[in-house]
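Subsequent text provides structure tokens for two forms of one protein chain, presented individually as structure 1 and structure 2.
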Structure 1
């Protein structure tokens, strides 16, 4: 029944698209025929003419309900929004106009607007009922929705039409005449600095390496070799002992980092029906880490671990930053709703490895709620790209099942740590707090 079709309205003025149309009986009048028949039978058998007459009246009602037909769906729905690019948490007012473009009167009309699945209603109600709506008449209603990250499309409105006596009803989905998507692009957030692993590229930066050279942190003293800069000669020692030696400092270099957001179906988990999903938290973390990392002069890229791949090579600068902001908010890979397509870890991992620049490290934002991810991350780490994990915790403790899932996740994080992959377990606290706490223990 999911075939959409277009009906030329009786007036021939315009075409109305209707999807999933069904007609069914409500059964509301079924009791009347039973009562009428019983009254009539008793009346005949007991020879009471009045009862027979009552039965006849009841039969007339039953006949009306049997012959009733709901009016056709000849409604044109026009939707408008007060702001098509709202800020996060801004309330957007949606106004829906329903016009009867047919020739029949809609005696009993109910409309439930197709609020985008990722958004919640903040004010008023998307439900509307009216009677009657005459041909050419327009009714309208409005409600407010709270904007969140992502591109949100309205779905077709649910329409229910009944005949005058309510014996039959027609249910259909009617798409709006014009598409009004909402795009909400939150800012990347304040930069948060996470500690990186010591895999770097040949470019000065702020990641402390074990390479001796110029820098600020002391590493070792060694014998002087011709060509060493005078500033690094250990003059104190020369004065004391007469030996000429050079101080080696730990070189500070930049790291090429790719922020990998786990957006597989398995990552769409939350600690409750109202809680923010782990993917949304991962995306927020990726945004904040991107700003922090690029502020510290590390070229940073973004990738999605999802059936719908996304890849942005490491870079920095205002254009790159704008690309990251737009992608994290609007690319389907990071959508607020889970993907439907299957995810093939081996293929995705191979493609990711091919794209990762040499000596790039990977910071993974993932809830780690399945074992497949643990294997994938270990393979990535062993394959020559240092991996660290920022893990938003989506588990709860209120039922035995969630308690078990929580313990399983703990065990998984321990396995990652045992494999030398640093993991930041991010609970309910702000990300910066989780990072600071982990920074001390690492």
Structure 2
């Protein structure tokens, strides 16, 4: 990553926005006054001119340090990125230009750019230092960040200016002159078809039901009724016994499915500081399941269990799929960072029930890290909407606390299973492997 500087006329200087400005002493010259006085006194008493001179010089330094003031924050920051809509894991080069639009020289300037939360630095460093930066002069530096899902906004840059002798410093946050958000919209991924429960709608599909009729799976034989198709007559039985009977097959119908992503603050858990959060894994699972379910002719919708609600009714088709992809990547409900607002489960559950279509089943993508979610899913299941759970495991085993959290989560999963709710416990393996291990893949 590079650094540089240019200079332009000081004419047309402008006001700049500054946040959280503070002036503080560095402590670099602490104790100089006392040492200077001691040296001067000893020099006088011992009649040593050198010590007297050292004392005088020390007192002069102390006076200068006490009267020194850092220059005002008159910096204009411009930020640009090499790609505003990068692909996942693509390295985006960020170039920051710092211009001194004031009239004072910045003798010691240090800048830390406000990297968006949730993004990591892949190349170079967002830290920069230069001295001096004269009025009208511009310094620049660049670094690289790795793009991940979501809309990412840079924070204000942290700047530090010191006076000539370094006795005091002024710190502040300076926002960039223009906003340069990064938007990363990953693909929905390969389709993964999870195992659905037997709650279906009156549309042909691929979910086996207990309704007898046309289909591919045998259900029972019954007495022949006028109008039954000849293809379903049990000819073998007719040949052996002379009885005319009809074979009933289990009908296959479509299911209306809503993929519910748990994006409450409690769900933002990860097994380590650098590990992917459970919400990000849930969003990734929802995208893959959506593709698989809609490919199997099941109308599928998306919803968020979050303080910032999101709802997209079950559907299919290219337009609906594009809406799902954009929402999972950019809607605040699925943001990579946890929400700040409180979540009221009863209110959100009531609103979700009002929106759910009749006979729609719900596939919940959630780490199940609290008991409140268990109660909510039970209420949803007994309320007439069959619930299944895909649960990314965010727990670790490196500390006794982590082991306790893992045990508590397993107890919650057991409670859900005891209530008749199928649960896929998704560890570090790919989701397709977890579904296959649980017998859910087809």
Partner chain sequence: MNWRGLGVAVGVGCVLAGLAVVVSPSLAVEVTPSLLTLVGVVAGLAGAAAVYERATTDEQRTEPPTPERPLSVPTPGTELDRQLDALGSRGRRFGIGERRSIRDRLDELAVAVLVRDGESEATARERLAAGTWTDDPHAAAFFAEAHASDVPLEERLRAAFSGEPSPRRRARHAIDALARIADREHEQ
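If you superpose the two forms and keep the largest set of C-alpha atoms that fall within 1.5 Å, you have the rigid core. Small disclaimer: the values here were computed from a predicted structure and weren't measured. Positions refer to the first chain, counted from 1.
Taken from the structure described as the form predicted alone is structure 2, whereas structure 1 is drawn from elsewhere. The two forms, fitted on the rigid core, differ between structure 1 and structure 2 by less than 2 Å at the CA of residue 374.
Relative to the superposed core, residue 42 shifts its CA atom by 2 Å or more between structure 1 and structure 2.
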